[in-house]
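Next up is one chain by itself, shown in structure tokens, the form predicted alone.
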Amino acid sequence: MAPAPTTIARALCAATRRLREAGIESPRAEARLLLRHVTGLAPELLVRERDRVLVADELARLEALVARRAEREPWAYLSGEREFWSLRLRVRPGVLVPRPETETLVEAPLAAFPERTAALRILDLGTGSGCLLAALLHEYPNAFGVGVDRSAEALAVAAENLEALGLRRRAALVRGDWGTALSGPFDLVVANPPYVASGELEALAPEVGRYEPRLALDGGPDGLSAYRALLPDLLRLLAAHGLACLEIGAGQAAALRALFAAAGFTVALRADLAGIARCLLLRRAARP
């Protein structure tokens, strides 16, 4: 007897069961996302067409995606995209997935430089997918930005995103180690450095620890190695009137405030939507 054809309803149940067994927190919701991705159907059509039989290609793609998600591969890598600052960005393995909390590094500059027509010179150190550079260039149509990353793979993704958003002509991408190959000054410097202490990497969620690039996560023994490396570049590259916005991890504010204050910066903090100090705002201290 031939097996019953796989309808959308049957596929949803099977995918939900597989994801639940894998420890996914919201298995039915994620199963729906996977089905939408494969079929292209809107949420209401998944319900209305629950008895539609999946064709062989759809079923094969769904099974492959469910298997990958059951291994805890991030959803952004499965779909190939992630929204950041209301911009749709391409994302793939080897590039850090943009997080909502990183949008704090866009909010802070917008508050500091309210004139949107300003011809700012922007530097994004460790640009990754280019999410910060793209968001800032989108908000400042007369700005020019430079994105730097050590990863050629990340720079390729950043270039794709800038091109897709119509921003490529106002940006330069450089492969390098932070700002060592650059000369300033820049009005605005942003960076989301790796800030997870090396000994804490194994405790990260599987989606992060297994799949996202360690280069973008490992902040050294105390999580602060990248900030020490950035310090001389910021002293050299930041304009006298400029602002540097650095993402930081929970519990790191006091140590980093002391580090940068001792180097001659005035330091302020901006919290994310969860109330966690997430953005370190640095300006050159006024000279007497």
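Owing to the predicted nature of the structure, the values given are computational and were not obtained by experimental measurement. Start at 1 and count along the sequence shown; that's the residue number.
If you look for the form predicted together with a small molecule, you will not find it shown, but the lines that follow are about it.
Residue contact with the small molecule in the predicted complex: L96 places a heavy atom within 4.5 Å of it. Proximity of Y195 to the small molecule in the predicted complex falls within the 4.5 Å heavy atom cutoff. Residue contact with the small molecule in the predicted complex: A216 places a heavy atom within 4.5 Å of it. Proximity of E160 to the small molecule in the predicted complex falls outside the 4.5 Å heavy atom cutoff. Within 4.5 Å of the small molecule in the predicted complex, a heavy atom is found for none of L33, A67 and E71.
Only one segment in the set 145-153, 109-117, 179-187, 202-210 has any non-hydrogen atom within 4.5 angstroms of the small molecule in the predicted complex, and it is 202-210.
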